[in-house]
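In structure tokens, the next block holds one chain alone, the form predicted alone.
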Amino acid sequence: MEKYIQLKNETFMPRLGMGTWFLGENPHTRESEKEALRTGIEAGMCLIDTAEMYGDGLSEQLIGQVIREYHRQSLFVVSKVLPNNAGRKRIKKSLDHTLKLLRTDYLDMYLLHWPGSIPLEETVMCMEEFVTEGKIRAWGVSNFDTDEMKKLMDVPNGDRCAVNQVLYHLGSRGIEYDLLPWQEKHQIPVMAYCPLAQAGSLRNDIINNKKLMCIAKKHGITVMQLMLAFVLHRESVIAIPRSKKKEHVLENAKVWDITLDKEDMEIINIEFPAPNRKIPLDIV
């Protein structure tokens, strides 16, 4: 599997990184969370995804305390702006606050967190200005379904959207019907959040599936690693699993050693098939 994907601006973006939703919110686990981030960076997972919404800035603050220890150019840092802050009146303030918390003077990627009421034309214009100013290297969106992506393409410079971050994992394959093929056609990678599935019965159904356990045993891996390998099996997809523990981060980093064969994929597709009709975009 390729470890990097080339974006429209010719930047190379890592295909495996770390999500940080809920990180930084509990003062009792902050140090272990920092250690998990350091472990990931040192294992080559230099893509770090966050958002101004996560802990109302606490996630960005935590990341800022960690990444100051590393050469900034070796990292790929992504954050997101809330839809109500994505207009000309507020977006500059939001970005400057994010940069301050992250202790950096630029983002590698800045995303609109989900579609909102502010015209896309206005948000895209601001994003392009930030690129020109050097405050961000590229921009994209999150939680946009196919129709919303098509509307974005009709906006001036909307085709400069670099990525779309959406929910995607073995138990939620709805984007494979139309959104993922459409993005591949337009050379817009998918950033998969929650690639290991959210907690609850859905994840339990996956990790306790006997056929998946057999595939995992065959490769000498865990079912969780198998789930991550499945997402990355498609070369247009970037994955950002979240983990608070360095042990789990190291397990995620080892996914590059896994190659799923045709037989594996046939079993996976039988156990957890992709839909044969349009499914509304899953959002967590």
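Note that the structure is a prediction, hence the values are computed from the model and not measured. The first residue of the sequence shown is number 1, and the count goes up from there.
The protein also exists as the form predicted in complex with a small molecule; that form is not presented, and the subsequent description refers to it.
Asker: From the list 180, 75, 197, 95, which entry has a heavy atom within 4.5 Å of the small molecule in the predicted complex?
Answerer: By the 4.5 Å criterion, the partner-contacting residue is 197.
Asker: Which residue, 146, 85, 142, 172, has a heavy atom that falls within 4.5 Å of the small molecule in the predicted complex?
Answerer: The residue in contact is 142.
Asker: For the three residues 2, 14 and 108, which mark the spot I'm curious about, does each lie within 4.5 Å of the small molecule in the predicted complex through at least one heavy atom?
Answerer: None of them does, since no heavy atom lies within 4.5 Å of the partner.
Asker: Just one of 65-73, 38-46, 255-263, 240-248 has heavy atoms within 4.5 Å of the small molecule in the predicted complex; which?
Answerer: Flagged stretch: 240-248.
Asker: At 4.5 Å between heavy atoms, is residue 130 in contact with the small molecule in the predicted complex?
Answerer: Contact with the small molecule, no.
Asker: At the 4.5 Å heavy atom threshold, is residue 113 in contact with the small molecule in the predicted complex?
Answerer: Yes, residue 113 lies within 4.5 Å of the small molecule in the predicted complex.
Asker: Is there any non-hydrogen atom of residue 272 lying within 4.5 Å of the small molecule in the predicted complex?
Answerer: No, no contact at 4.5 Å.
Asker: State yes or no: in the predicted complex, is some non-hydrogen atom of residue 24 no more than 4.5 angstroms from a non-hydrogen atom of the small molecule?
Answerer: No - in the predicted complex, heavy atoms of residue 24 and the small molecule never come within 4.5 Å of each other.
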